[in-house]
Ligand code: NAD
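Below sits a lone chain in structure tokens, taken as the form predicted on its own.
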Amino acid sequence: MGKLGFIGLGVMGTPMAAHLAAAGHDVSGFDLNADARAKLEAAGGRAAADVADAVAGAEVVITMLPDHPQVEQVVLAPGGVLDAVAPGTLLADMSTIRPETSIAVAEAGAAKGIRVLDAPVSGGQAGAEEAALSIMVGGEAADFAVARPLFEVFGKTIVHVGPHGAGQVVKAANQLVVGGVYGLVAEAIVLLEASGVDAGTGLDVLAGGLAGSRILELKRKSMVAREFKPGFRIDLHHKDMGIALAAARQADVALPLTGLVAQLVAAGRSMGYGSLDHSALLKVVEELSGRSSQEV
């Protein structure tokens, strides 16, 4: 690859861009946060002055932004990515946003001769830092083939899942499953402790059986210890559950368990836990049972 533009150097974007720079790619990145730009420079990339500077002359542009309003502003607004890059450029939006926004970006790109992929990721901050992300990609197969070598720099599971917007639908499905498992693990901990059973020992057993999951593997010890330093914040999962419910409405299907999990996540945000890791759903379940962490 030649020059890469990277827009959005948050907790996920910074390590992703750093991996690309470490792999020898010419990476120009931009973020509103000056500290984030400095981190990219320290990792071997170039801190751009603005979006247009970051993507000037780029063959591939990657965006990693919080939500669809930021994607629309950075990509679609006058002076944004689509105005600043040349026809033939490949834009991979790796943000988690509504499928309809991804489709709109792809259509706007096609009108200008710009290839577009929606490629949201799963794995959280740890996955980004360890170059172990799962990447679900929507768009044309030929464009996926071009982008795949770049995705392999920071991802382990990389799958072309369908046309434009399909990546976002798969990510929505991922988030509803993750939220549901966190909620059930939280309930398991509350039940075990309220019954006088050591929760750590009980979850060790669950992790080795049919109930085993990646969440139990990685998070059971920190949940029992009530350590909720964010890898992925409740605020962001709240946004993602809204995307899942909107996608269900668009597809005209009922997702009753997803609706319940979305309410638990919303409750966590309302209780002031939005900045905590999404495993802090345990605090919500505890409060519903009248049991605070201090009582355990």
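In case it trips you up, residue 1 is the first one in the sequence shown, and so on. Quick caveat: nothing in here was measured; it's all calculated off a predicted structure.
Below, we turn to the form predicted together with the named molecule, even though it does not appear here.
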Open item on the list: So the named molecule isn't shown here. In the predicted bound form, which residue out of V185, V121, L82, L150 has a non-hydrogen atom within 4.5 Å of it?
Closed with: V121
- [ ] Could you tell me which one of Q73, T157, T201, S222 places a heavy atom within 4.5 Å of the named molecule in the predicted bound form?
- [x] Q73
Open item on the list: Based on heavy atom distances of 4.5 Å or less, which listed stretch (211-219, 93-101, 110-118, 141-149) is in contact with the named molecule in the predicted bound form?
Closed with: 93-101
Task: the named molecule contact at F228 in the predicted bound form, heavy atom, 4.5 Å - done: no
Open item on the list: I'd like to check something about G10: if you look in the predicted bound form, is any of its heavy atoms closer than or equal to 4.5 Å to a heavy atom of the named molecule?
Closed with: yes
Open item on the list: Check Q263 for me: does it contact the named molecule in the predicted bound form (non-hydrogen atoms, 4.5 angstroms)?
Closed with: no
- [ ] May I ask you to state whether N33 is within 4.5 Å of the named molecule in the predicted bound form, using heavy atom distances?
- [x] yes
- [ ] Output the sequence-ordered list of residues from 144-175 with at least one heavy atom within 4.5 Å of the named molecule in the predicted bound form.
- [x] K171
